[in-house]
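Shown next as structure tokens: one chain only, the form predicted on its own.
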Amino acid sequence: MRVLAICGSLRAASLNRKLLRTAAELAPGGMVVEETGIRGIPVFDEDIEAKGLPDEVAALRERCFAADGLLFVTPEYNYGIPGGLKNAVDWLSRRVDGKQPFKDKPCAMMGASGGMGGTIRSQLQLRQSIQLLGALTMPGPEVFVAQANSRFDAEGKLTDAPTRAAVEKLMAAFGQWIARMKG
């Protein structure tokens, strides 16, 4: 089972990239988690689209189509989805040859934040956006890592046992969700 994990943060040392790597580490047997980012995707512009998809967008679309499921790992900026991630969703939502990669694709999400909310609002907005596009978003369990700065060590390892357990539970449930949606 192949899962494409999309990090909504551009920062190399982001808490969400660390969380994504933890999710890959705790994935159940038989699940391979491939990490990708959104760096280099131009701002969505129909004039650019009319000339053909930018290479970065075309490559991300192909990886999404090839995956059995999509895992979004996102921060929350100003009570919402980071602009770069929303931009990537906007590009991916465009139909090419009558297809877009969210349609009937099992999806899950999680996120980490230095604040108290732990990406609750960002995940809600993301869920609304991709459900509109036909994504099969897993209803739960949910992972909102609040005060994430204190949950990772200097090497980027998630050291908080309850948070690790929550991530492991989400990944196991996601494997079951993918199997159920594909079955």
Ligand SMILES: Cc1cc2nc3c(=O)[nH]c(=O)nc-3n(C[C@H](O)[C@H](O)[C@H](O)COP(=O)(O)O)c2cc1C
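Note that residue numbering follows the sequence shown and begins at 1. A quick note: this is a predicted structure, and the numbers were derived from the prediction, not measured.
The discussion below concerns the form predicted together with the ligand, not included here.
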4.5 angstroms heavy atom contact with the ligand in the predicted complex for residue 170: no
Residue 102 within 4.5 Å of the ligand in the predicted complex, heavy atoms: no
Heavy atom of residue 112 within 4.5 Å of the ligand in the predicted complex: yes
4.5 Å heavy atom contact, residue 15 and the ligand in the predicted complex: yes
Location of the ligand contact in the predicted complex, chosen stretch of 20-28, 155-163, 5-13, 170-178 [non-hydrogen atom, 4.5 Å]: 5-13
Contact set, 47-85 vs the ligand in the predicted complex - heavy atom within 4.5 angstroms: 75, 76, 77, 78, 79
